[in-house]
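In the form predicted on its own, a lone chain appears below as structure tokens.
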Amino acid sequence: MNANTLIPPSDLIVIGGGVSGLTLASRAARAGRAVLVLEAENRVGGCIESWRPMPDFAVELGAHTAYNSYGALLTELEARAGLTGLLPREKAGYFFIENGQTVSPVKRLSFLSLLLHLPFAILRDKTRASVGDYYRRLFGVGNYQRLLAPAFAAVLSQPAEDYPAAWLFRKKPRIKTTPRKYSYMGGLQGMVEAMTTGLSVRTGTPVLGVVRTDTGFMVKTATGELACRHLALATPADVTTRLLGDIYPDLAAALANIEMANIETLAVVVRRAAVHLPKLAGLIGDGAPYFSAVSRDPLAHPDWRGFSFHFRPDLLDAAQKRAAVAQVLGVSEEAFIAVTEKTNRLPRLTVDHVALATQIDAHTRHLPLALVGNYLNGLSIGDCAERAQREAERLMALS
């Protein structure tokens, strides 16, 4: 008998150690449940990954900023490790690059067009609208094409035309005792790592399959099988589809239509004196091979500046990306003190996924199974944590 089969069954196994999985695990553990988190990678964080090329300098390769409207996240972080590690981000703006110069987004806005459209569309329901449809009506076609389409694509690191308008910039109450925008010691990944405090987490443990049993589930790993009463899948949509295929084929079929998008990121560190761009939060890539170039400037360092360029997939090879970054920064490639590359995978969400999320919630309402992640409530860290908290409470109510 494998040693793992001797472990008493968990109340809950969470597959996936990103923000969604750890928020759900933390909430359940605080309620007294025996929780085990399994993470395939050798680190926690999921789409949050902080590159640490110097001991006191982290550059984000995935998500870049958290906000004080992320109440579910802050609640669990405070419970696990406190909030003293939050690092306030200084104010800085996003710009376009035109003829080698930074240009404020306001310069691209036609206020006349805005005044002609806004009063007639401000009360329009977002529920069934795509970003493209809703914001064209709200701002006008020209404003949408010149400003909003590239700006929203920069936020999402993918074209935003068909994204659900109801899931973009969803309003949430703010916790005013914390910074409005923040990072964390060691980058946002440090925040996720802090959330593991007091939790049972196994990294480097891919899940090979899941079986339904009379008392819950059996989770198969390379080192054995683990039993649990409740199960949460905090995995990408395509991984969730695979794991559900044998036990809940209807759910798997519903999820199978969610496409995944690759975001190719190249990050560099340069000496502060080498780059003459003004202080900025990032650049919006209109007509460029990148969706955005996000700067480390809001967490100022006396010696270094860091930039993460999120490239459109399958356009440039590694050498071409380096050349493009050097051109935007106005430096030679020899000025790069450190360089790294990363490919993130995000769901390509459309307006149809709002109805899909409702359908999935109806299907799982009475099941000892939770599906959480960035494909059922929106892509932001706050959206993921919010759903995870809600699903944790639903699972606990079933007991």
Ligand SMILES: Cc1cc2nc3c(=O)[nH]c(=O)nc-3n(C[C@H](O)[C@H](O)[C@H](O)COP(=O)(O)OP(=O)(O)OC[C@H]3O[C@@H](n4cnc5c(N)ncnc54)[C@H](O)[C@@H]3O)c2cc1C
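Just count from 1 along the sequence shown to find any residue number. This structure is a prediction, so every number in the text was calculated from the model and none was measured.
Not on display, but discussed next: the form predicted in complex with this ligand.
Inset, instruction - Identify whether this ligand in the model of the complex is within 4.5 Å of every residue in the set Val131, Lys181 and Glu386, based on non-hydrogen atoms. - result: No, the candidate spot makes no contact with this ligand.
Legend entry - Residue stretch of 331 to 339, 51 to 59, 356 to 364, 37 to 45 approaching this ligand in the model of the complex, non-hydrogen atom distance within 4.5 Å: Single hit among the candidates: 37 to 45.
Inset, instruction - Select from the listed residues Gly285, Gly190, Gly216, Pro236 the one whose heavy atoms reach within 4.5 Å of this ligand in the model of the complex. - result: Looking at the other structure, the residue within range turns out to be Pro236.
Inset, instruction - Just give me the single entry in Thr241, Thr205, Asn143, Thr196 that has a non-hydrogen atom within 4.5 angstroms of this ligand in the model of the complex. - result: If I apply the 4.5 Å criterion carefully, the residue I get is Thr205.
Inset, instruction - Indicate whether Val351 is a 4.5 Å heavy atom neighbour of this ligand in the model of the complex. - result: No, Val351 is distant from the partner.
Inset, instruction - Check whether Asn68 has any heavy atom within 4.5 Å of a heavy atom of this ligand in the model of the complex, and answer yes or no. - result: It does not: once this ligand is placed as it appears in the model of the complex, Asn68 has no heavy atom within 4.5 Å of it.
Inset, instruction - Could you confirm whether Ala63 comes within 4.5 Å of this ligand in the model of the complex, counting heavy atoms only? - result: Answer yes; at least one heavy atom of Ala63 falls within 4.5 Å of this ligand in the model of the complex.
Legend entry - Residue contact check: Asn374 to this ligand in the model of the complex, 4.5 Å heavy atom: Yes, Asn374 lies within 4.5 Å of this ligand in the model of the complex.
Legend entry - Any residue of 10 to 32 that, in the model of the complex, places a heavy atom within 4.5 Å of this ligand: Result: Ile15, Gly16, Gly17, Gly18, Val19, Ser20, Gly21.
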